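Here you'll find one protein chain in two forms, each presented separately as structure tokens under the names structure 1 and structure 2.
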Structure 1
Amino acid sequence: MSFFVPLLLLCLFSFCFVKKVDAYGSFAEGAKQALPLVKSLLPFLACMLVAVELAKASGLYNLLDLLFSPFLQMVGIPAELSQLVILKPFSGSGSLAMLNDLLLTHGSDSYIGRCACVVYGTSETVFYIATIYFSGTSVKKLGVALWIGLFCSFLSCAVGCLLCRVL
């Protein structure tokens, strides 16, 4: 499996050689065209990162945990995972740190550990992805897309925990 990337690069360079395409020049041109996109994404990313840090520092996550924990338990998500389920749509690195803490506390073979891994793996950083995708397009009404993304993320957590309980 470790030979796959070098083989892929060899095929790419062979294709460029056959087609008489300057691979390095094409790469440099693509990188040059990416710079304006990165420049346009930066303000949106900065706003998102500041909002996530403010929510953490203000205790909003703890408040959301208190509000949503009973509902999450009703649908089969353990109470220990409520903060992970709430944090994952906002922050990938924060939820990874929370997953690590859960695994250290409960163990990787426990029901909580398995559910935590499934929750982390099946849900997505919805707000980060929406920020990246919608800042690069002319679509500015992203409310419906956000709700669908959040619903699907939550549904995947609930179904994943159910499967962990059954299997």
Structure 2
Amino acid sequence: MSFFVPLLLLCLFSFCFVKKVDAYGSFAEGAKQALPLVKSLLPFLACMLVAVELAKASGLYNLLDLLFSPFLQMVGIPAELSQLVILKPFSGSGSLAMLNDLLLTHGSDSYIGRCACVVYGTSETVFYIATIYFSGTSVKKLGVALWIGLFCSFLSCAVGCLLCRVL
């Protein structure tokens, strides 16, 4: 797997050589767009991270966990994973740390460990995506779309845990 992307890039660079395209100039031209793009993201990212960090510091996550964990267990998500399921839409790095913890405590080949991997691998940081995708647009209300995203992310946790039992 570690060869795949580098090989793809090598093909691309060799192709430039064959086609006599100015690779150096084209690359620089593209890379130039990175700074303005990220500059437009910064204020929105700051906003979102403030909420995430506050919720972490105040223990709001633990409260949410207590609130939702019975419901999550009803759809077959083990109690050990409810915090991961709740944190994932908000924070990629936070849930990665949590995945690491879970694997260390329960073992990476246990049922809990495998479920945790599938939950992490198939759900997305929905709020992060919503923030950076729509930061430069006039759209301020995502409404239904946000709920569809959250629902799908949650659905994948439930389906993933179910599949881990069978596969």
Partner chain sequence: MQYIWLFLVTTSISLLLFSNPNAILTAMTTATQNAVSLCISLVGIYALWLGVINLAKNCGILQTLCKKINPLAKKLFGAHNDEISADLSLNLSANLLGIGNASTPPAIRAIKNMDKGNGKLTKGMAMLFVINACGLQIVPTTVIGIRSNLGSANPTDILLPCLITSLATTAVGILLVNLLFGHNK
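These numbers were taken from a predicted model, which means no experiment stands behind them. Superpose the two forms; the largest set of C-alphas matching within 1.5 Å is the rigid core. Residue positions are counted from 1 along structure 1's sequence.
One of the two isolated chains is the form predicted on its own, namely structure 1. The two forms, fitted on the rigid core, differ between structures 1 and 2 by less than 2 Å at the CA of Leu155.
Summarising the core-aligned comparison between structures 1 and 2, the C-alpha atom of Leu12 is found to shift 4.4 Å.
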